[in-house]
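Only one chain is included here, represented as structure tokens and corresponding to the form predicted on its own.
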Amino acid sequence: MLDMALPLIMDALANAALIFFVAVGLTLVFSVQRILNVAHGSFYSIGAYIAASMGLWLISAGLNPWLSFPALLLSAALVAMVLGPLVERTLIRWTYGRHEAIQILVTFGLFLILEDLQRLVFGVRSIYQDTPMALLGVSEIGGIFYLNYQLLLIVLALAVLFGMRFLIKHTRLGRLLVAVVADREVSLAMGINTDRAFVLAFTLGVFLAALGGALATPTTGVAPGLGAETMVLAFAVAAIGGLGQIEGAAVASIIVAGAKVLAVYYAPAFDTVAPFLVMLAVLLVRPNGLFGTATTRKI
């Protein structure tokens, strides 16, 4: 029994780590800007494409393969620095204060544009670059071998979780974001540059999504449609955990990944639908999610 449980837990935690990077970025953007960004999954896939392309270039150029690790971080940073401010200032800012249907239509249109651009730039073939995973090798735990890269993903997800909590609770930027979330009008009256806060929050959300895609590349590769699949799972996580709840995103990522891995192990025909069955069950009992609370709406 233990021989089956350990691999299942490790696979679930590694998958949860990748889902968490996307979901926590989506949660951050929603909590600050009140935008459900349907295009968020595209940033994940763009980060994956850039990371894979950069890694393949490093290998073909004969450079040190260990450079593939900083390349993962650099690819996510590049996506965030280029697309974060650009998208927020040209499209997202226009949707603030508008009806949710307008926000969803605008971001869905952006998602379609970004998906087509990826096919145009990177083609329709899958790209696989597993150098970081191969370099780290495997470890034996309880007589079972695990990829060290999977362990690294879990550690990085924990670092992001605690880093986000520290950012919000103990930094000036975090206090500014909390103030903007509480009341944008009062924040403006106090002299807080809310436009800058929105750009920073959105760019950080893009970075986290792109980082998730970059870190997923060595384990799953990247192919057309990756953004759509990831986006749907991220929304399931946000719904289960509660919109705007960082801790909820962490717990919900484990629940979603656990449901998916359990289905793969014991009922492969249901591996696609299992996370959404869990989401349905949670929402029937807790309509606002596990960590969400009902809030009043300002008119």
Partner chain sequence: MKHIVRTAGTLMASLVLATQAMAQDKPEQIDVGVFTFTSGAPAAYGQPGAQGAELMVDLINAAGGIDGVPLRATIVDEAQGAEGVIAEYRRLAGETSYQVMIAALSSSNCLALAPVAEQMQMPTISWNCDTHQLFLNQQLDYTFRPNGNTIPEFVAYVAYLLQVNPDIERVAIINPDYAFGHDAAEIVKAAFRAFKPDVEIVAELFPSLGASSYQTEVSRLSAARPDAIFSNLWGADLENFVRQAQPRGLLTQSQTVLALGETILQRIDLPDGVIVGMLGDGYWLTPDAQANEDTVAFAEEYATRFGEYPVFPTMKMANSFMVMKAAYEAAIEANDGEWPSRDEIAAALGGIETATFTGTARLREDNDGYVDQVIGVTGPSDTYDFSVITNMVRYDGEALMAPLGEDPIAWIETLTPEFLETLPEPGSYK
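For clarity, every value in this text was computed on a predicted model and none was experimentally measured. Residue numbers count along the first chain shown, from 1.
Not on display, but discussed next: the form predicted together with its partner chain.
With the partner left out here, its partner chain still marks one of 80 to 88, 214 to 222, 170 to 178, 201 to 209 in the predicted complex; by a 4.5 Å heavy atom cut-off that stretch is 214 to 222. For the options Ile144, Leu152, Leu135, Leu73, the residue carrying a heavy atom within 4.5 angstroms of its partner chain in the predicted complex is Ile144. Not displayed here, its partner chain is approached by Glu229 to within 4.5 Å at the level of heavy atoms in the predicted complex. Its partner chain is not drawn, but in the predicted complex it has a heavy atom within 4.5 Å of Thr272.
Among residues of the shown chain, Arg196 is not one whose heavy atoms approach its partner chain to within 4.5 Å in the predicted complex. The closest heavy atom approach of Pro268 to its partner chain in the predicted complex falls within 4.5 Å. With contact defined as any non-hydrogen atom lying within 4.5 angstroms of its partner chain in the predicted complex, the contacting residues in 110 to 129 are Arg119, Val124, Arg125, Ser126, Tyr128, given in sequence order.
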